[in-house]
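We begin with a single chain expressed as structure tokens, specifically the form predicted alone.
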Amino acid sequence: MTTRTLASQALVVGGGQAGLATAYYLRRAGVEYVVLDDQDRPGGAWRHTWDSLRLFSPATFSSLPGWQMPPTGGYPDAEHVVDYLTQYEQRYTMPVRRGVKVIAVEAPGAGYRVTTSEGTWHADAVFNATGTWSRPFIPTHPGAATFSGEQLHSAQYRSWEPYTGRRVVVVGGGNSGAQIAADLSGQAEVTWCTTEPPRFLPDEVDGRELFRVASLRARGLGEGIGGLGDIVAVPPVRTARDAGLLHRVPMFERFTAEGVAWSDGTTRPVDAVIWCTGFRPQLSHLTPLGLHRDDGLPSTDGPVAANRPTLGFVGYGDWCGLASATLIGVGQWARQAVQRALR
């Protein structure tokens, strides 16, 4: 491992949509920077989604700052997003170094020392944009270790094809659970388990309205859209719902060796369980900083660390910026993080 001194002042950790939005504003501010990404190609988490995944909004409402996503018919799929992010990076000649894993960030004095798989860097500011996809969350559940079938997280799901004719339980009442249950419907014997009855948003509500409401909330206006529902009725979900293929049942109580069991004694044989139970921020590289935490997450003031404005957090969702985990929503928080650090 060699030691390199970063002359550009700023490091962005992560080359997905949040990292590119942050890089855009650093470039615009005239700051020299480098993006460190542990992936071998552009596209971030969009390269690893299931085949049928679609955005909640048309391309014109799914863009990063500076350059609009090229239009496509209907709601863009993941491949279209990957192509867009690849071209976006090229358009602004962003200095992205790929295959570089950030191991640790320390603050021994002024600025930061960043240890990576390719050497040690020094920077005055570090912007974390590592996302959550690489840290899927599966809750502990009684009997899980005794279950003889397959268990996987939605992060590992690709398509319905391996599950044709099989008995599959999908766990989770959010958008991922609904979309994967819809994807499997008609191909597998699907049991959709949720802790609460699923709440579908009105069919006319898509990502455009969600972003508008989130923007109002960020300014202290409005009450949000949560009262209307939790699941966006994208076309595949709407089709499966209207065809009567999305049947929700309460969450099972425990696993058995051959399947799952409910508290009333009902049992069901199962071949596979797909956990659509969310993700956690990937921030293990910040452990050496000993940051103060609230509910397990670093304390933040908007998109920067509390009392440390040169340490940014961009794209992790409502924790550090409403709608910041979306393509259209991340830009405002990237801009604010860069502005705060430059001050």
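In case it trips you up, residue 1 is the first one in the sequence shown, and so on. Not measured: the values here are computed from a predicted model.
Below: the form predicted in complex with flavin-adenine dinucleotide, not depicted.
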Check: Pick from Q282, T300, T277, S52: which has a non-hydrogen atom within 4.5 Å of flavin-adenine dinucleotide in the predicted complex?
Finding: Q282
Next item on the list: Report the residue, out of V126, V273, V237, V102, that has at least one non-hydrogen atom within 4.5 angstroms of flavin-adenine dinucleotide in the predicted complex.
Entry: V102
Next item on the list: Determine which one of 291 to 299, 26 to 34, 304 to 312, 41 to 49 lies within 4.5 Å of flavin-adenine dinucleotide in the predicted complex, judging by heavy atom distances; exactly one does.
Entry: 41 to 49
Notebook entry, point to check: Should G321 be classed as touching flavin-adenine dinucleotide in the predicted complex when contacts are defined as heavy atoms within 4.5 Å?
Noted result: no
Next item on the list: Please run the contact check for W160 against flavin-adenine dinucleotide in the predicted complex: heavy atoms, 4.5 angstroms, yes or no?
Entry: no
Check: Is there any non-hydrogen atom of G131 lying within 4.5 Å of flavin-adenine dinucleotide in the predicted complex?
Finding: yes
Check: Is S185 one of the residues lying within 4.5 Å of flavin-adenine dinucleotide in the predicted complex, judged by heavy atom distances?
Finding: no
Notebook entry, point to check: What residues of 176 to 193, in sequence order, lie within 4.5 Å of flavin-adenine dinucleotide in the predicted complex by heavy atom?
Noted result: S176
